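One chain comes next, on its own, written out as structure tokens in the form predicted on its own.
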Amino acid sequence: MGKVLDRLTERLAHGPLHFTLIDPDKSPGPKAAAIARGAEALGSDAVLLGGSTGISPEKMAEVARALKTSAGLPVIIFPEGEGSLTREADAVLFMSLLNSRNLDLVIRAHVKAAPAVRAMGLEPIPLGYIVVAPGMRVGAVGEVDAVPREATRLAQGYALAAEFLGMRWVYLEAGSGAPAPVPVEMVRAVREVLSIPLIVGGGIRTGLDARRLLDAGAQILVTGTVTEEEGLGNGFRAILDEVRRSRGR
């Protein structure tokens, strides 16, 4: 494992984690830096940098530098494409969009990006990315056959396939701005069959959302829209409170 994955795996041994998703298009350098400082103080464990389509390497580099100089959290690229890569970050989610109809997003883009990832010295974190209905913009852009919200066995199959292919994390994604998170029944079913960490993101806006997902077996929660809409307000703080509470159990 690499340094970032080692660090986060060690922290996972003590309880669930939280990642703060920052979109460099919506949160330029100073704003991103303020979010990262506040998130770190509240107990978030890493920053995921990405989210928009058409992000330039220059913008990614600018925001990554701001994050690295303002907070001690690892900066992990949440890639939209090759333009998302910057050597200013620590690591990149080397993720396959498993339920996409577009083979570029399953493997072909990875073939093109792998030499750049190595040349930049980024730590790749292999991840199986599974979009669950409604999917929102990532579902449309990613050309996915979204996993229906009641299709727990299908979600289990995708997650197990990711593990059997050697991926280190599985990510269940309802889509940024989704009206509701991934169903707790699906999270519970996937957790029951999986032996690698399970990430859940999309539609998590309240402490109650976080508590239900954590109780169902989510090990890493990702939030982005709540900070874009409310900043580091009550919703974000309540989510972090639940993550910290779970660590204390």
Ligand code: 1GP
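All values reported here derive from a predicted model rather than from experimental measurement. All residue numbers are counted from 1 along the displayed sequence.
There is also a form predicted in complex with SN-glycerol-1-phosphate (1GP); it is not shown, and the following applies to it.
When SN-glycerol-1-phosphate (1GP) is considered in the predicted bound form, W169 lies well away from it, no heavy atom lying within 4.5 Å. SN-glycerol-1-phosphate (1GP) is not shown here, and in the predicted bound form it never comes within 4.5 Å of any heavy atom of P74. Taking non-hydrogen atoms only, A159 never approaches SN-glycerol-1-phosphate (1GP) to within 4.5 angstroms in the predicted bound form.
In the predicted bound form, SN-glycerol-1-phosphate (1GP) sits within 4.5 Å of a heavy atom of G175. Note on the interface: of 195-203, 212-220, 37-45, 53-61, the segment with non-hydrogen atoms within 4.5 angstroms of SN-glycerol-1-phosphate (1GP) in the predicted bound form is 195-203. Along 103-131, a non-hydrogen atom within 4.5 Å of SN-glycerol-1-phosphate (1GP) in the predicted bound form is carried only by Y129.
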